[in-house]
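A single chain, nothing else alongside it, follows as structure tokens in the form predicted alone.
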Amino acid sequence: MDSGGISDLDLDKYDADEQVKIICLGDSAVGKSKLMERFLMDGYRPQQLSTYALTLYKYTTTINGQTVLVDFWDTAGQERFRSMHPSYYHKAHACVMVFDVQRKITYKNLPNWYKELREYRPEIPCLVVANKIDADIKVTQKSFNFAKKQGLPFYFVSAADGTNVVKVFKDAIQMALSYKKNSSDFMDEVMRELENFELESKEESSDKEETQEGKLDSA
């Protein structure tokens, strides 16, 4: 994944008040894409951005009379490498973290995903989702303590029959908007400073080259 071309995705648009970015995290095959597609049903336009190893789902909704544009970012297989490219996290306003109730390892890996998320996005709201409860409803009687330990909202859902799917994503959108309005996001400031620094460094080096060339010409 080439970070040099990530500007094609126009990450600056996420600075606009009415545009939010929500990311999905979790192991392969836990049902992240299925959950998104279940929520969006006919009203979504997935874009497979294979260059960046992600799928982008665009969604428009109205909240308190305001039109809100939501971009849901999905991993598109990148999670197989147990890590995501930093640009996946950049300017995200909320995270939906998913595990499969039938595969214990996907639950055990949540702390790893959460740790990486917090390295890049220390403050954004994160929701924990236990998917595939339709396979065994008794699983809803079990206690999954990871979310409670971290103080995160927790949902039992089924992408197959739709249980709680709409609630998860509507809550995620509300949390993303609330976060965006109230955050002074430190990591975004750091990233912006680094980008500015890189630009200035490039300009300085090209100025130096021009000066050198000028000296050579006059000599």
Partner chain sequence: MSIVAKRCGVRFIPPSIILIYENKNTSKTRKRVIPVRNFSQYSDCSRAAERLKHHVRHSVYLESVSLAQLERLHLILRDHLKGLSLEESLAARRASDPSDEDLNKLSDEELNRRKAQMDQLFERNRKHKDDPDFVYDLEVEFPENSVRETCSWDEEPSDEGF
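Residue numbers count along the first chain shown, from 1. What you see is a predicted model; the values in this text were computed from it and never measured.
From this point on, the text means the form predicted in complex with the partner chain, which you will not see here.
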task = Given the partner chain in the predicted bound form, answer whether the residues 29, 134 and 144 all have a heavy atom inside 4.5 Å of it.
result = yes
ask   = Just to confirm, residue 122 within 4.5 Å of the partner chain in the predicted bound form by heavy atoms?
value = no
inquiry  = Would you classify residue 100 as touching the partner chain in the predicted bound form, given a 4.5 Å non-hydrogen atom cut-off?
reply    = yes
message = So, residue 38 and the partner chain: in the predicted bound form, are they within 4.5 Å at any heavy atom pair?
response = yes
ask   = Going by a heavy atom distance of 4.5 Å, is residue 153 a contact of the partner chain in the predicted bound form?
value = no
task = Could you run down 100 to 132 and flag each residue that has a heavy atom within 4.5 Å of the partner chain in the predicted bound form?
result = 100, 101, 102, 103, 104, 105, 107, 108, 109, 111, 132
